[in-house]
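Just one chain follows, in the form predicted alone, and it is written as structure tokens.
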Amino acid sequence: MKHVIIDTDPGVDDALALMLAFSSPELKVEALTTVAGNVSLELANRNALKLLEFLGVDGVPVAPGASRPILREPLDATEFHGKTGLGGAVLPEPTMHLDHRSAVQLIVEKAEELGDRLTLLPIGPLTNIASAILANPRVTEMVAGLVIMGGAFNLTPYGIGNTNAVAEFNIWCDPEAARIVFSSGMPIIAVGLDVTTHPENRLSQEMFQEIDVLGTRRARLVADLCRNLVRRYNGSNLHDPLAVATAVDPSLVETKRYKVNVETVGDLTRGMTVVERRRRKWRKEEANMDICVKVDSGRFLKLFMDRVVHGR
């Protein structure tokens, strides 16, 4: 069993990812930490608590994190995720409460407690992870590593930006935090747009219709979360669920190892994940990231249906 902290900014696909995580016996979710990104920190906190109550999860702390990027003004994606962040889904106001610790405190405490049994699973901007590294640099040596949803690496035909021409939203949102994390020395598996936007890995119209007619409590939530996106985009990308699925079963993906940096200065290229392809310019030991380039689509989508929709 893999112990994980999920750092999240729910978010339609974050909600689906949490449903997958809590239905996966391979994972023990130690905590959720929240971060501003898709939605404000206030909405991220509320949505995380709502989803835990929907799932009937007790005893998993939700610790509030950064309300803004390290250096930049916060910008959300509610135009995409809906004004509440949960698409068309309506969940009761939560009765659970936030943990008294901050996200950084909780990450550091769990890293000290669990050491290399702990994997960090950020599916939003990397502000909290970078802040934890700055607060206690030993975190980088203690934990097993990270599985992140983030980046557009241009290693497949689908690895182009979704926020600007070259950058994925989570990295674009706080590129300074991403640069800190990428240069930290921690083992990183990156699940980026190269695979999450591949047509074979998306929630198709046909899959959505299958979900929409089921009528179960979980299926109704999935349908309400995704309905507007499926209508607008002829399907929906499963960004964060694919990152969680990779943590559940790394054999679902094929990765390639590269040296990667993050653009923090360019007006047109903010948040670009710059992959160094000139092998003669860097040594093998300088590679800092395993980038997902291929997915076993059939197994991934079956996992999604079995655990997110049916709750097995």
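Start at 1 and count along the sequence shown; that's the residue number. Please read all numbers here as calculations on a predicted model, not as lab measurements.
Beyond the structure shown, there is the form predicted together with a small molecule, which is absent from this document and is the topic of what follows.
- Only one of the listed residues (126, 107, 195, 149) places a non-hydrogen atom within 4.5 angstroms of the small molecule in the model of the complex, and that residue is 149.
- Note on the interface: of 93 to 101, 202 to 210, 128 to 136, 236 to 244, the segment with non-hydrogen atoms within 4.5 angstroms of the small molecule in the model of the complex is 236 to 244.
- Residue contact check for residue 169: one or more of its heavy atoms lie within 4.5 Å of the small molecule in the model of the complex.
- At a distance threshold of 4.5 angstroms between non-hydrogen atoms, residue 34 is out of contact with the small molecule in the model of the complex.
- Contact annotation for residue 162: at least one heavy atom lies within 4.5 Å of the small molecule in the model of the complex.
- The shortest heavy atom separation between residue 273 and the small molecule in the model of the complex exceeds 4.5 Å.
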